[in-house]
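Next comes just one chain, in structure tokens: the form predicted on its own.
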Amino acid sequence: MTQLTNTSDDAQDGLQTLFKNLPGMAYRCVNLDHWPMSFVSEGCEALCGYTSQQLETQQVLWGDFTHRHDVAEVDRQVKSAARKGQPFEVEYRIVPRTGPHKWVWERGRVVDWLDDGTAVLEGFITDITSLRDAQRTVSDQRAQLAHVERLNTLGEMTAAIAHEINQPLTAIAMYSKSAQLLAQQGNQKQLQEVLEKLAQQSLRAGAVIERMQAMSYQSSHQQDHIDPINLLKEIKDLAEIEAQVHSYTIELQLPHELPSISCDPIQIQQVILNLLRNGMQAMQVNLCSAGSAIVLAAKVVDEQLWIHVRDQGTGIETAMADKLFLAFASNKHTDKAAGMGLGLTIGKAIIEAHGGRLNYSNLRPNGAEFSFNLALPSKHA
């Protein structure tokens, strides 16, 4: 009997030691508003600034200092998991008694039920503020690098863009001179026609500049609900500037309609533009004839929007496959000497940050296909 008591005491001591060494707080609570606690480990004071006694006597409730913008969502996720009998994991902010807000990660589960059907929860909460800060820093650095690569891409396209803008500017100059002569002659009918053509050329030049400006913007990290058909048409218009220089065409293969997606449109357009330019450069290496087409397609498969770029280039060499998405690796797909060698690396990071993946495959008899997926909103799930 004495041995059993000692074993029990040892277990209790070991449990207390474990609680003290935890980088956070273990708890037991009931799943009511603001989660009244019946037990919290000593780590609670370092985590939130309140003592275990204050929480266990319910002088203050955990939900009282959960960030007001997060408490409803945490409550929803916890109750949903409890109804399904599943463990839950949530990340949210708390407002400690002193000091700045903290991000915390919590994992818990239902361990019992009260007579009135209220769930009893046990779990663990830890501070992940430093991890969140590191993730934000990495995200900011990736966005800055993507921005630099976008500017680099536009720089490489300068000659094609200058040619595209020069055409409407030349037409504007000619129509302006004609308008002056017609005004002097008093020919109102022809003057009106010339002014209409002049306006059309102005809009044409303005559209090119607008597309360039959009691509040069620094990303906002914000995800917008986007019509993918409009997004793909806009990037086709920009990529066509370079395609025309090489006498290639860009063929859009789209259904009549596609569900909206949530994404950073500038970053997604950057990925597609890079894939199109890589494909056209591969077609140059493969000496594709004038009029050859590079395909930009989209379709929904298994609740995902898949976007494909298919070229008629040289394909991907087997020796290059493992290095294709590495920074600064020589791109044997395009035999590209200029640029930073970061396009596919950044593109892969952008797509993965959106929860998708960037794939490639060789086509027969020649060419390569790059494709990536974006999740559809939950209403389509």
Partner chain sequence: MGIQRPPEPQVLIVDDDAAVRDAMSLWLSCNGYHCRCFEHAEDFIDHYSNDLQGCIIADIRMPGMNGLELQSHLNHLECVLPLVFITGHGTVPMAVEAMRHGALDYLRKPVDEQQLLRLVEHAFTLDQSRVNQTQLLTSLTPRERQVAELVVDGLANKVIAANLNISQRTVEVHRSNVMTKLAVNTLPELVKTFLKSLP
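Positions refer to the first chain, counted from 1. Model, not experiment: these values are computed from the prediction.
A second form of this protein, the form predicted in complex with the partner chain, is not displayed here; the remarks below concern that form.
Peer 1: Given the stretches 103 to 111, 191 to 199, 133 to 141, 90 to 98, which is the single one in contact with the partner chain in the predicted complex, using a heavy atom cutoff of 4.5 Å?
Peer 2: This holds for exactly one stretch, 191 to 199.
Peer 1: Within 4.5 Å, heavy atoms only: does Ala81 come near the partner chain in the predicted complex?
Peer 2: Because no heavy atom of Ala81 falls inside 4.5 Å of the partner chain in the predicted complex, the answer is no.
Peer 1: Would you check, heavy atoms only and a 4.5 Å threshold, whether Gln185 touches the partner chain in the predicted complex?
Peer 2: Although the partner chain is absent here, Gln185 would touch it in the predicted complex, with heavy atoms inside 4.5 Å.
Peer 1: Using a 4.5 angstroms cut-off on non-hydrogen atoms, would Gln284 count as touching the partner chain in the predicted complex?
Peer 2: The answer is no: Gln284 has no heavy atom within 4.5 Å of the partner chain.
Peer 1: Can you tell me if Lys299 lies within 4.5 angstroms of the partner chain in the predicted complex, counting non-hydrogen atoms only?
Peer 2: No, Lys299 sits far enough from the partner chain in the predicted complex that none of its heavy atoms falls within 4.5 Å.
Peer 1: Could you work out which of Arg204, Lys233, Arg76, His308 is the residue within 4.5 angstroms of the partner chain in the predicted complex, going by heavy atoms?
Peer 2: When the partner chain is considered in the predicted complex, the option within 4.5 Å is Arg204.
Peer 1: Between Val120, Leu151, Ala293, Val245, only one gets a heavy atom within 4.5 angstroms of the partner chain in the predicted complex; which residue is that?
Peer 2: Comparing distances to the partner chain in the predicted complex, the residue within 4.5 Å is Val245.
Peer 1: Check each residue of 167 to 195 against the partner chain in the predicted complex and list those with a heavy atom within 4.5 Å, in sequence order.
Peer 2: Gln167, Leu169, Thr170, Ala171, Ala173, Met174, Tyr175, Lys177, Ser178, Leu181, Leu182, Gln185, Gln190, Val194, in sequence order.
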